[in-house]
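In what follows, one protein chain appears twice in different forms, each by itself as structure tokens: structure 1 and structure 2.
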Structure 1
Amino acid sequence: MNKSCTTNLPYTMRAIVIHEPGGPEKLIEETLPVPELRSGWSLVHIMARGLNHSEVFTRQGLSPSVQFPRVLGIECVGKIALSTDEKRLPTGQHVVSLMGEMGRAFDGSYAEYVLIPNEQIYPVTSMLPWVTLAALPETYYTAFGSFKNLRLEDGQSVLVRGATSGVGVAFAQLVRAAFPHVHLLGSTRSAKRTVSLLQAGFDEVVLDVDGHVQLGGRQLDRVLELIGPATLKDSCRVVREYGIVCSTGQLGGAWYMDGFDPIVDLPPNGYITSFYSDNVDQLHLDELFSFVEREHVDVVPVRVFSLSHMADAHAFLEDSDGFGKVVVVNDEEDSRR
């Protein structure tokens, strides 16, 4: 399709390209052609995107299925610029997209425009500012799915392993909004994160030391496991009878687990569940947006960067002082509608 004949779209766009694995400095701003429309796909003008640790892992060369050069980015919020489904995705429609193979098998959201399969684009009616809306698709969707699978009740004790992550902070915001009397504990490897975690809504901060959470022998009702296989067995150890562990993240860098025996390692009559953000559909996204607006959940990201400073955003995300959700807008004015 000749864009100049049908729209006012530019021929080129800014994009952040990685040609080889390495540190944040490998994320290079380049000028690329705006993707051409094709059957079953629509073009999204990106307004903002959240960053994720999985993108850091891919940048480091730890995602063997990803080939370089690549434009990374597994989520975005924006507007339909060109559509092949005008009924569901009319031009100008506000949308979100997350997961699928965006930023992995095909170029992702570290650009001003992205071409995405229609089934991976979800219309939204939320009037949240772009910079706030961008914090929701991957991080809060993951936290919300885990929140539901843990079957929480007010008055329970709940531990978040990897609490300083974006998903950990998002989970805390959801819990505080729905269950004010839950005793919420957050684990961290660094005591200097204590004040930040308490300000984020945690009631108590406990240390993770060499893969063991320091609870002084206490047992809890629920655990959200964001570190993953590296600490999952230890998380099961601290859950009382009939408790639930939800394994969601893999921040510990281990993808698989050896030597886990459910008969021995789960608590008596206990349960293990999981949530993966690739399990996404319009109904659950709408449920999340409604919950956030109804319960007045504070979803403002902790840091906002511009697209030209993507390397700085990555450096912040993986730094030991990094905390909470990071969002990148195209330019400063793009943080507003």
Structure 2
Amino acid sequence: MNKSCTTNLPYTMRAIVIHEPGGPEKLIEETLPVPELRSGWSLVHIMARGLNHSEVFTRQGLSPSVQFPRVLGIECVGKIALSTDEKRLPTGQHVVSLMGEMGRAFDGSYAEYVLIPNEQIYPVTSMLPWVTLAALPETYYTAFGSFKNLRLEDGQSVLVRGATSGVGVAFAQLVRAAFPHVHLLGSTRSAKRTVSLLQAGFDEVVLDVDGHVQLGGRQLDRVLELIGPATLKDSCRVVREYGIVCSTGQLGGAWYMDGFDPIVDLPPNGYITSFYSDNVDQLHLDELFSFVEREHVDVVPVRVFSLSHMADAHAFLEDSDGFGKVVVVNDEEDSRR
């Protein structure tokens, strides 16, 4: 398709390309052709994208299925620039997209435009600013899914294992906004992160020592397990009767469990659930956006970078001890919409 015949789209765009694995300096700004439209895919003009630790791993060459050169970026928010589904995704429609091999099997969101399969593009009606919207997919989507699956009620106690993670802190924001009387505990391996966790909304910080959470024999109503199979059995131990554990993360580096006897190891009359962000659906996203607006959830990115400073954004994400989502806009002034 000759873009200039039908639209005001440029022929080229700025993109951050990686040709070989390595440090942040391997993320190089280049001029690429704006992708050509193809059947069943639509072109999104990206306004902002949130960064994820998985992109750091991919940059380091730890995602064997990702072939270089590649434009990374597994999520974005923006507007439809060219559509193959004018009914559901009309030109100009505000949209979000996440996961589904964007930035892995095909070029992703570290660019001004991205071509995405239609089924992976979700219209949004939210009036939240672009930088706030960009902080929501993936991290908040995962936290929200876990939050719902835990069926939390006000007044209950809930422990987040791996509380200093992005998902852990997002979960804390959701709980704080909706349930003022929930007792929210967060675990960390490092006592020096206590103050930051309290500032992030946790009521109490407990230590995780060699896979055992230090609760002094107390029993809780709910656990969000982000360390995963490495500590799931220990989490079941601290949940009281009829309690729920939601196993969402694998920070402990174990993906599977040996030696777990559900009859003995589950909390008495209790439940285990999980959440997987690859199961994206429009209803769930709409619910998240309205929840954030309605409950005034405090979603402020910890840092906003411009596209030209993607390498700095990666370096910050890798080195930072801080919490929260890093968002990258195309240009500095974009962060004000």
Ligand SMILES: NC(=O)c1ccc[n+]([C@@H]2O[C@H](COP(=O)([O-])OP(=O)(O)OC[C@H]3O[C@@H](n4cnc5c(N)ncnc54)[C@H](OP(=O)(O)O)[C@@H]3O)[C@@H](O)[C@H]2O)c1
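Counting starts at 1 and follows the sequence of structure 1. In this text, all values refer to a predicted model and were calculated from it rather than measured experimentally. The term rigid core refers to the most C-alpha atoms you can superpose between the two forms while keeping them within 1.5 Å.
Structure 1, not structure 2, represents the form predicted alone. The residue from 43, 165, 243, 136 that marks the hinge of the rigid-body rotation between structure 1 and structure 2 is 136, the others lying more than 12 positions from any hinge.
Superposing C-alpha atoms between structure 1 and structure 2 reveals a rigid-body rotation of the smaller part against the larger of 12 degrees.
If you overlay the core, the Cα of residue 161 moves by 3.0 Å between structure 1 and structure 2.
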